[in-house]
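Single chain ahead, by itself, as structure tokens, in the form predicted on its own.
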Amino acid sequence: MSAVTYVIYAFLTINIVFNLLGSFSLHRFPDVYTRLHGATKCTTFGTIFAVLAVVVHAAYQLHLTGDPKYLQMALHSLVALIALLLTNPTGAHAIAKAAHLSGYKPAKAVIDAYEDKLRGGAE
């Protein structure tokens, strides 16, 4: 096996570890806000490494074969990553805002700045 294969395996292992941590956060954390935080951060970070593995593989295959389909694969993966980096935090924010407006309060929160903002400022 070449060094490139080991790099790809390392990236995929990091991807699996962080996605598993994200799924554990859905079960372990006490409320919707911390669950969203854990799942969103971990899966975003894990997916970055999955895309890096695809890009490294595509670059290596492009170098070996010269086939342009590998360049296309790398570019499509990077576009998907950009879309994920833009939509994952935005979606998590929308879910958290909807949960707060629905009346779900953060567990063990001392200060709720969003509630103060909704009431017209700190009183």
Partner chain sequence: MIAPEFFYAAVIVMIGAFLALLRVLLGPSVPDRVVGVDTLNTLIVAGMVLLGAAYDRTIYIDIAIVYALLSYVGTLAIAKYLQGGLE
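Note that the coordinates shown come from a computational prediction; the quantities given were computed from them, not determined experimentally. Positions refer to the first chain, counted from 1.
Note that the form predicted together with the partner chain isn't included here; everything after this is about it.
Is residue 27 close enough to the partner chain in the predicted complex to count, meaning some heavy atom within 4.5 Å? The answer is yes: residue 27 has a heavy atom within 4.5 Å of the partner chain.
When the contact criterion is heavy atoms within 4.5 Å, does residue 70 count as touching the partner chain in the predicted complex? Taking the distances in the predicted complex, the answer for residue 70 is yes, it comes within 4.5 Å of the partner chain.
With the cut-off set at 4.5 Å between non-hydrogen atoms, does residue 54 touch the partner chain in the predicted complex? Within the cut-off, so yes.
In the predicted complex, residue 101 touching the partner chain (heavy atom, 4.5 Å): Yes.
Can you name the residues of 15-29 that have a non-hydrogen atom within 4.5 angstroms of the partner chain in the predicted complex? 15, 16, 19, 20, 23, 24, 26, 27 sit within 4.5 Å of the partner.
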